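So this first bit is one chain, no partners, the form predicted on its own, shown in structure tokens.
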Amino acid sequence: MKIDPNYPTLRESNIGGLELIKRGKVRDVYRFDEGRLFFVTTDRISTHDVVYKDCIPHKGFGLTQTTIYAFNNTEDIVENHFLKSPDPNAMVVLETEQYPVEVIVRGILTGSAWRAYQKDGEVCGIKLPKGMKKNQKLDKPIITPSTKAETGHDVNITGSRARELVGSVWDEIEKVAIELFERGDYLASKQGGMLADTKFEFGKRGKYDLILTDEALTHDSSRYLNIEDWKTSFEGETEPDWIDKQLVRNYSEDLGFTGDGEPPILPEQIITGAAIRVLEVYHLLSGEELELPEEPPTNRRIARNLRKVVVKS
């Protein structure tokens, strides 16, 4: 798919008539009505918990569509908060009481987990075998939780600390998170891919003690690889071509940015590469190509599509 790095992007949404609750790193969250929220996924990108000045074309669209696909293909495992999508960049979702923990499931020893392992041979209190190598596949997926930070950096915690924060439901969260990871890995494997790691968020509402929220199996929340590329790179001890936003992380880290200060300005080739990977993740999960919207993402388009839904309902 040919990507125009200068395609109009949505940096920030402003939807009249709705109460803005918060602007996250990528999503703007509005009050839709009693018990429901309106998520607008912008084209902002972040690494190291910092939002860049540059935007990525089609990113909000790709994340929204990937999340909807993931929700629809995992609802047999756990309930999720998705209700409907009035616009290619937006979702109406159930409002939930969020559990204060991000649940990261890892199938490969990479990223912050690899750095932690190098220090003392364990990750979030989980002792791993000696002599493991970077990007080595784990015998079975592990869960490495972290606390959610509105600003600044998330903090890795142990499973026992996570249980203290959320209560006995943590046992069910662990079970469901592993099943969700395995489903994502299975879907990717049908297109020759593999899921290296991913992050889930959960909440509760009414009779449901566990609801999958936020996003799922996206370019932002996950790391993917081509299986053959992973095998070749691991055997040759080289870095694989990650199908996620690792491209942006690597570029920034090469310039010395690790989360402190202002992030660098992204050149066209990095912006284009990031956009391609957003859409590639959808293909990796679904086996289908996303058809781009005819109209760029704007506040006017989103508001117009939202009005149609409100009138119908």
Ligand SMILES: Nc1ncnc2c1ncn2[C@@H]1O[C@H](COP(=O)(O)OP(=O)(O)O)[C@@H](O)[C@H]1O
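Predicted model only: the values in this text are computed from it and were never measured. Don't overthink the numbering: it's just position in the shown sequence, from 1.
One more form of this protein, predicted together with the named molecule, exists but is not displayed; see below.
Here the chain stands alone, but in the model of the complex its contact with the named molecule, taken as any heavy atom within 4.5 Å, falls in 93-101 among 233-241, 93-101, 158-166, 108-116.
Under a 4.5 angstroms non-hydrogen atom cutoff, the named molecule in the model of the complex lacks Lys84 among its neighbouring residues. In the model of the complex, the named molecule lies farther than 4.5 Å from every heavy atom of Phe61. Among heavy atoms of Arg27, some come within 4.5 Å of the named molecule in the model of the complex. Although the partner is absent here, Lys148 sits close enough that one of its heavy atoms falls within 4.5 Å of the named molecule in the model of the complex. With the partner omitted from this view, the residue of Leu247, Ile68, Val50, Leu37 that lies near the named molecule in the model of the complex is Leu37 [heavy atom within 4.5 Å].
When you look in the model of the complex, the only residue of Asp229, Glu79, Glu201, Glu182 with a non-hydrogen atom within 4.5 Å of the named molecule is Glu201. Residues of 154-178 include none with a non-hydrogen atom no more than 4.5 angstroms from the named molecule in the model of the complex.
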